[in-house]
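Quick setup: one chain, the form predicted alone, written in structure tokens, and binding and motion questions come after.
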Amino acid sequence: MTNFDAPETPGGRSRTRVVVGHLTLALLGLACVFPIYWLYATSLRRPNDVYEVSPLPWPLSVDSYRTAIDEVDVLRLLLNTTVVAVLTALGQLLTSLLAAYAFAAWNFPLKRVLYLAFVGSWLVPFQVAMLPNYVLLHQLGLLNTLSGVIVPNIVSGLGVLLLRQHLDSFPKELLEAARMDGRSSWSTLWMVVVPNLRAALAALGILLLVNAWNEYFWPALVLQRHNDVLQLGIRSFMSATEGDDWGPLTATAGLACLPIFIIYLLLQRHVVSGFVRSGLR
């Protein structure tokens, strides 16, 4: 009897399944990319053509970007948002690295309880800690300052969890060899551990940076008198224009997304490598 089964690829999967899988991924990718494309396409249309539905914005115009820069003060907001996001992500990365290294390299009383407390802090809704943090900032005089946005967020339970997974699989022989060479724990961390965790640190750093960049609720609560970050600037501009000046709005949103896209494109190899090594898909 003739076998009409679909030919198989070297990996043992039928060619039809491979094609269907790739087409599905392509459609999902297109569905994710299209809103971003439409955002930039709308921002590049002429002011009178904003409501056009043609897929290509022609003729191109940067009038919306000029309006956004003039009326929203985008450059100042970009700088402030960058400072807040970078300092928050660096603080979370540093505290996560130190905590994960302590949990992975040392044995001490209540180690498991403390680790579960770190993980549990990640599961606690932000609204639960919002009021105590706000009262503390008021007592410290940090309301309506960028420092008030940064300081309560310099610890990340997610960061500790992910780096602990990487450090648990770190060769213990290297740590023992460093101790035998007379290196201190601090020197071992920065000279032995960190160089071998570059992919994981880059992946986690991008996640923390994106999360800090996209944060809206906490800056809106702390910066009640000033629109010092992009999210609040866009909100203020939408209120001033009653939400119908779509050209400058999309231009502002496009400028807000651009730094994150650039950083991800530059470091995407480290992101993929970090997730694969941690066992996350």
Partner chain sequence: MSRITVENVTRRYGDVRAVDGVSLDVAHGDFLVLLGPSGCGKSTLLRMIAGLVSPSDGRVLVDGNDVTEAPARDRDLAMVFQSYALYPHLTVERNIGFPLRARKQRKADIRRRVAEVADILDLGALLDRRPRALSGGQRQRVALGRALVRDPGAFLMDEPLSNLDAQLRTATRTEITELHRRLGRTFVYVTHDQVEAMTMATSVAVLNRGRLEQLGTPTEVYDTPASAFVAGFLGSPPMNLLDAEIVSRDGRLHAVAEGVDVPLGLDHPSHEGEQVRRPAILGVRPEHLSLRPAADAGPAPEAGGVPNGSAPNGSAPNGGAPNGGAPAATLRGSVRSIENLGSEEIAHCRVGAAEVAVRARRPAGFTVGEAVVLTVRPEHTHLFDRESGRRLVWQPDRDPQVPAARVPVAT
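Residue numbers count along the first chain shown, from 1. These figures come from a predicted structure and were not determined experimentally.
The protein also exists as the form predicted in complex with the partner chain; that form is not presented, and the subsequent description refers to it.
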- Query: Can you pick the stretch from 118-126, 81-89, 94-102, 168-176 whose heavy atoms fall within 4.5 Å of the partner chain in the predicted bound form?
  - Reply: 168-176
- in the predicted bound form, Val113 touching the partner chain (heavy atom, 4.5 Å): no
- Message: Taking the partner chain as it sits in the predicted bound form, is Gly182 in contact with it (heavy atom to heavy atom, 4.5 Å or less)?
- Response: yes
- Query: Is Met191 close enough to touch the partner chain in the predicted bound form, meaning at least one heavy atom pair within 4.5 Å?
  - Reply: yes
- Query: Can Ser147 be called a contact residue for the partner chain in the predicted bound form at 4.5 Å between heavy atoms?
  - Reply: no
- Position in contact with the partner chain when the complex is considered in the predicted bound form, options Pro195, Gly141, Pro109, Pro132, heavy atoms within 4.5 Å: Pro195
